[in-house]
Structure formats: C-alpha cells, structure tokens
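Given next, in structure tokens, is a single chain: the form predicted on its own.
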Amino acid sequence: MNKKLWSLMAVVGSLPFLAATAIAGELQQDPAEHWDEFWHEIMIDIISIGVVFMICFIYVLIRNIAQSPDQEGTGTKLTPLQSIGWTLIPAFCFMADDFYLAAQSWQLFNLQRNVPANHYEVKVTASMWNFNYTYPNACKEADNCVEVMNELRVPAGKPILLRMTSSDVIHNHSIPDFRILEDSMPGRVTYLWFYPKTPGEHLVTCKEYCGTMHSKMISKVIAMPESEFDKWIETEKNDL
C-alpha cells in the first residue's frame, strides 16, 4: 500500500474526530443556539408523549364503551408477569427518555459555564436600581477605568465575560436574547458569558425581586463592530 493511500485513509479516519471537535467548538462559542435546539427537542418530546397517551386513551374509551345502560364492564385479569411488564416497560421507557434529556441539559450547562479563552471581560456592579459596567482593560490608572451605567457596549463576534457583584441586595443580570441569567450578590463574585455574533441591541433585565423599583431595573447590550467598539472605548478612555 503506497503512501498516498495511507494518507487518504488517515484523513478519512480523522473526519469523525474533526467533526466532533468542530461541533464542540460551536457549542462552546454559542450555547444559546443549542439551548434553543434543546428546548425544541423537549417540546417535541412532550407533544409526542401527549399524542401517544391521547391515542391510548381514545382507544380504551371506544373499545370499552357501554352498548346499553344496563351493561356492566369486566376488567381483564392480568398474570403477575403481565402486570410487571405493563408497569416496568413504560416506566423504563419514560425514565430512559428523562435521563437522556437530563444528560443533555447538564452538558449544555457545563458548556455555558466554560468561558472561551478569547473572551472580552467586563465587570458589573448591580445596585438599586441600575447596572454599572466597568471595563478593566480600558483604564488610565488601576482605579480609573471606563464606566457606563445601564448600557453595556461590547464588540460583536467575540465572547463576552461578565464578572458580577452587588452593592446592596441580590439582583439578577438577565439577557433573554442570549438565554442567560445569573444572580449578582453582595460579597460574592459570580459570572456569565455570552456570544454576540452580530451587531445589534439586546434587552437586559433584573429577574430577582430587589425592591420597589425592580420592574424599572432595565439595561441594554449594544453589540458593535469591533472597529467601532475600539474607537468608542478609546474615546471614553481619553475622557477619563
């Protein structure tokens, strides 16, 4: 067997590994899309189970309908083996499906907690009733960094890491478009990350009741082309 054939076989043999690596990278870069796919799978699963139950219910209803008011039904007596089978087999099928979905949800959760190495970091301080965003990579001095309130500007096409805390009570930083939310707590630093693929604006809300103005605690994410973001951050830095 010549070297060209060996090379071809090596390439073909590596295709499954390369495909798996590409899928894993895609999951890591944009878990929001895969949470959507997972949710659709759950909906299909629930609807399918509901249809099966409805068909069985209608079948039993029609099969056992009384032909006259005086007619009395008699239940079919099952053997012990039949009783065990009708109990365990459906239970096994449903539990197998549940465990499969649970394993998928844990896999996606772990991917969402695994921050890509090429992320851009922003610090978030929640307070009654605002989100204050600090850019640690845009500072003139250690304690003099670019800060904005209720308007998170980020470069599009780059994973964004938010390190969060709270100055008073528990808040929650939620960005529905990216399927993420995480509590901000006093005395503790939490984190989340998201992947704004394209420029655009996205709503940010607090989803942890934090007082009388909780419903007004609204911010937004503005994903900008990277060149425009760099210009904006440089302008803000020069104004410090």
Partner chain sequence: MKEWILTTDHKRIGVFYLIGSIAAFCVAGLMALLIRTELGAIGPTLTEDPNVYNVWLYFHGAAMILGFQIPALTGFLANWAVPIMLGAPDMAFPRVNALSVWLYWMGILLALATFVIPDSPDVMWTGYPPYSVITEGNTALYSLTVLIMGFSSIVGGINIMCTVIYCRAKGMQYNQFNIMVWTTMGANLLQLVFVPVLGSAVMLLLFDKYLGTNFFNPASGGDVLIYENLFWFYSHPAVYVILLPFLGIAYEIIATFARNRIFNYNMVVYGGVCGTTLLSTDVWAHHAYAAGLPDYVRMFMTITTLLISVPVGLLMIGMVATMWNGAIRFTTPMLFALSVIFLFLIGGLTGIPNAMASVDHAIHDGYFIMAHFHYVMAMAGTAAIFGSVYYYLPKMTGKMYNEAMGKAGFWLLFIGFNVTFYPLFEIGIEGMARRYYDYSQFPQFESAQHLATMGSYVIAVGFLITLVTWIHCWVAGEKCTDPNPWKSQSIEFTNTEVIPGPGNFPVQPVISPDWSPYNYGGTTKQDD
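Here the structure is a predicted model, which is why all the values come from computation and not from measurement. Residue numbers count along the first chain shown, from 1. Between two forms, the rigid core is defined as the largest C-alpha subset superposing within 1.5 Å.
From this point on, the text means the form predicted together with the partner chain, which you will not see here.
Handout entry: Candidate stretches 154-162, 118-126, 136-144, 105-113, one within 4.5 Å of the partner chain in the model of the complex by heavy atom
Key = Careful reading of the contacts points to 105-113.
Exercise for the section: May I ask you to check whether G211 falls inside a 4.5 Å heavy atom distance of the partner chain in the model of the complex? Expected result: It does: once the partner chain is placed as it appears in the model of the complex, G211 has a heavy atom within 4.5 Å of it.
Practice task
Flag G50 as yes or no: does it have a non-hydrogen atom within 4.5 angstroms of any non-hydrogen atom of the partner chain in the model of the complex?
Solution key: Yes, G50 is a contact residue.
Practice task
Indicate whether A91 is a 4.5 Å heavy atom neighbour of the partner chain in the model of the complex.
Solution key: A91: contacts the partner chain in the model of the complex.
Handout entry: Proximity of E33 to the partner chain in the model of the complex, heavy atoms at 4.5 Å
Key = So E33 does not count as contacting the partner chain.
Problem - in the model of the complex, residues of 175-205 near the partner chain [heavy atom within 4.5 Å] - result: The stretch touches the partner through P176, R179, I180, L181, E182, D183, M185, P186, G187, R188, T190, Y191, L203, T205.
Problem - C-alpha of F57 moved at least 2 Å between this form and the one not shown on rigid core - result: Yes.
Problem - Per-residue C-alpha change between this form and the one not shown, W86, threshold 2 Å, rigid core fit - result: For W86, whose C-alpha is compared between this form and the one not shown after core superposition, the shift is 2 Å or more.
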